[in-house]
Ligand code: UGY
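Take a look at this single chain in structure tokens; it is the form predicted alone.
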């Protein structure tokens, strides 16, 4: 008999591991005929929102961004996306960045199409325009080695310009690959594992991680990861970038 009180999910002061076994569905106005799981949001202390959306064949997402920009990534399946009047068919590994004050519609999905979304309040920088709508495909983006280690590869999905105050990257670790040091930094992270498994150290605590798990890391949460198993570990993650580090 399975013991229902067991889970790998953990929610702490400055980090969280959210595994699929604890998902509870949410109703989001304008997102219809789909299952929405809010993985990360400000009520846990974060400054971003991360959701996972699983669509039926009648699924539809409609809305207009206001203060927050939106990033959608197709984990599996395909769907038609219309943003600010431009329509594209998006399939696995493809994505769209939606800046503030833009209308969007996702429709005509394959059954069980799954989308990841990151939301962040946009901080405009004087002298720089708000970024445009951006469609992209991770398969066409180079993944150079990270810090000279051929076991680590990093794909940068959004342009590294001062117009953007968020970054979304895909990090790939070959089996045995690991971060070269314990990171301690001002950036916040939200992420989900697309493939593989390993062990993550967060704030001096150790957690087994596998495909489907999500992680929130607050600023200055110490972090380190090593990939384990027989296939690469791959995760897609958000971080805040390019803005002055204090409001003082």
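Numbering follows the first chain given and starts at 1. Fair warning: this is a prediction, and the values are worked out from it, not measured in the lab.
The protein also exists as the form predicted in complex with the ligand; that form is not presented, and the subsequent description refers to it.
- Heavy atoms within 4.5 Å of the ligand in the predicted bound form map, among the stretches 178-186, 64-72, 27-35, 204-212, onto 178-186 alone.
- In the predicted bound form, no residue of the candidate spot (97, 118 and 155) has a heavy atom lying within 4.5 Å of the ligand.
- Taking 197, 51, 223, 54 one by one, only a single residue has any non-hydrogen atom within 4.5 Å of the ligand in the predicted bound form, and it is 223.
- When the ligand is considered in the predicted bound form, residue 23 lies well away from it, no heavy atom lying within 4.5 Å.
- The closest heavy atom approach of residue 217 to the ligand in the predicted bound form falls within 4.5 Å.
- By the criterion of a heavy atom within 4.5 Å, residue 15 is excluded from the residues contacting the ligand in the predicted bound form.
- The closest non-hydrogen atom of residue 104 lies beyond 4.5 Å of the ligand in the predicted bound form.
- Contact annotation for 25-52: no residue has a non-hydrogen atom within 4.5 angstroms of the ligand in the predicted bound form.
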